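Presented below, as structure tokens, is a lone chain in the form predicted on its own.
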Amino acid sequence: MNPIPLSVIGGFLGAGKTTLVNHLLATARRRYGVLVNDFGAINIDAALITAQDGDTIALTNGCVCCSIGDDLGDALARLAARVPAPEHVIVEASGVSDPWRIAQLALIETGFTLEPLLVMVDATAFLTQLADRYIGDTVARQLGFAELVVINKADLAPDLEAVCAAVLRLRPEAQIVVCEHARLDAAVLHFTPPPRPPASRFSADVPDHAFPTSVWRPSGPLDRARLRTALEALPRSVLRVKGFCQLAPENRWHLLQYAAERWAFTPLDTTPEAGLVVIGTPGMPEAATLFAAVEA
């Protein structure tokens, strides 16, 4: 049985990893099996969904999207055992993890072959992130073994040339692709990467850098204007906000995503569990404190 190509998509919080996964699923020309950490953030067009069973969504184009859960190795095995098996597996790394640690599993486990390691960069925030004393080392480390660097949000970057130069300084061996809205042709995922260091079980088990996480579950709808004010006032220690909430006065459910001082509300036709997850650097206030005054 031929090994299944496996791509790992890494990058810091808000770089556009989930948007890229959505784009690849919607435009797929092969059967993708996709593993994600944040299953609820995948916003798949309802017209593409044929079935949903727990943490698995099957699509009309033969693709399947699953939650990683607690064991990546087990999730990979379950994908490989599907009939028919995926033609290509994509793993979305969490925003604060080292994607090389995940990529090494493809070099260790049988049944998979590692495609070029893809790391996404937010062109609007990358230079500031590198200079931040709390997250700069994490952002730089994520690029340490990158073989394909996708510089996203190029249309919004105040100095795209400086971003490209910084990426080249950190990882001159990588191929660089510039894009907008994470729209990437799947063909760029496939090329012969440069020589890699040998995989190591030990290094694959090194714990991720710790980032404080706080969860707030509102008791009812949120006032849209007050929520916008709260988002504008978030301290620099807040890196990412993701979650589901109802917005007054229509009380419709929305997916909220915040990163790099930008946010978006995406209307939903489902009824998810209310809650906002806040990820930040040491000293970040509790989520309940940050959003205490936004309930309608």
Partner chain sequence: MPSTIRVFVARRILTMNASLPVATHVAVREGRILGFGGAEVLREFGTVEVDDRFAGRVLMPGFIEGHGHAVDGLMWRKPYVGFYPRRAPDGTHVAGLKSIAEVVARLQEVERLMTDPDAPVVAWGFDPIFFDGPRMTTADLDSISTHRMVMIGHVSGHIQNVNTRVLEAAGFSRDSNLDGLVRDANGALTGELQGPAVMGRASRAVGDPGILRAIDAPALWDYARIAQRVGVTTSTDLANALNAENVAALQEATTGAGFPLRLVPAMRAREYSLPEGLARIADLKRMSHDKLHFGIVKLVVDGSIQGFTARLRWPGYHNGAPNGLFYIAPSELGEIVAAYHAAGHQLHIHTNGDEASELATEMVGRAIAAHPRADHRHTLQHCQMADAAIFKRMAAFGMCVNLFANHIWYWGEQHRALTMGPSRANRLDACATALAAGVPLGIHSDVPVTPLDPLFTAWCAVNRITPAGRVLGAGERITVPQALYAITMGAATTLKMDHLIGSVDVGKYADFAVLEQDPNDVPASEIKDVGVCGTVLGGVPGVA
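If you superpose the two forms and keep the largest set of C-alpha atoms that fall within 1.5 Å, you have the rigid core. What you see is a predicted model, and the numbers here were worked out from it, not measured in a lab. Residue numbers count along the first chain shown, from 1.
Absent from the display: the form predicted together with its partner chain. The rest refers to it.
In the predicted bound form, His181 touching its partner chain (heavy atom, 4.5 Å)
Judged by the heavy-atom cut-off of 4.5 Å, His181 is well away from its partner chain in the predicted bound form.
Decide whether Glu261 counts as a contact residue for its partner chain in the predicted bound form under a heavy atom distance cut-off of 4.5 Å.
So Glu261 counts as contacting its partner chain.
I'd like to know if Gly73 sits close to its partner chain in the predicted bound form, meaning any non-hydrogen atom pair within 4.5 angstroms.
It does: once its partner chain is placed as it appears in the predicted bound form, Gly73 has a heavy atom within 4.5 Å of it.
Going by a heavy atom distance of 4.5 Å, is Leu156 a contact of its partner chain in the predicted bound form?
Contact check for Leu156: no, nothing within 4.5 Å of its partner chain in the predicted bound form.
Among 215-223, 166-174, 138-146, 119-127, which stretch has residues with heavy atoms no more than 4.5 Å from its partner chain in the predicted bound form?
The contacting stretch here is 138-146.
The unique member of Leu107, Ala85, Ala162, Ala186 whose heavy atoms fall within 4.5 Å of its partner chain in the predicted bound form:
By the 4.5 Å criterion, the partner-contacting residue is Leu107.
The single option of Arg252, Arg236, Arg228, Arg31 touching its partner chain in the predicted bound form, heavy atom within 4.5 Å:
That would be Arg228.
I have Leu13, Ala77 and Arg133 flagged as a candidate spot, so tell me whether each of them has a non-hydrogen atom within 4.5 Å of its partner chain in the predicted bound form.
Yes, each of Leu13, Ala77 and Arg133 comes within 4.5 Å of its partner chain in the predicted bound form.
Go through 75-103 residue by residue and record those having a heavy atom within 4.5 Å of its partner chain in the predicted bound form; state none if no residue qualifies.
Read in sequence order, the residues that approach its partner chain (within 4.5 Å, in the predicted bound form) are Ala77, Val96, Ser97, Asp98, Arg101.
Determine, after fitting the two forms on their core, whether Thr27 shows a C-alpha shift of 2 Å or more between this form and the one not shown.
No: Thr27 shifts by under 2 Å between this form and the one not shown.
Post core alignment: Ala260 C-alpha displaced by 2 Å or more between this form and the one not shown:
Yes; that C-alpha moves by at least 2 Å between this form and the one not shown.
Core-aligned C-alpha movement of Leu247 between this form and the one not shown, 2 Å or more
Yes, shifts by 2 Å or more.
Given that the distance between the C-alpha atoms of Gly11 and Arg262 changes by 3 Å or more in the predicted bound form, do they end up closer or farther than here?
Farther is correct, given that in the predicted bound form the C-alpha spacing of Gly11 to Arg262 is increased by at least 3 Å.
I want to verify one pair: Tyr258 and Arg171. Are their C-alpha atoms nearer or more distant in the predicted bound form compared with the form I supplied, knowing the change is 3 Å or more?
Closer, not farther.
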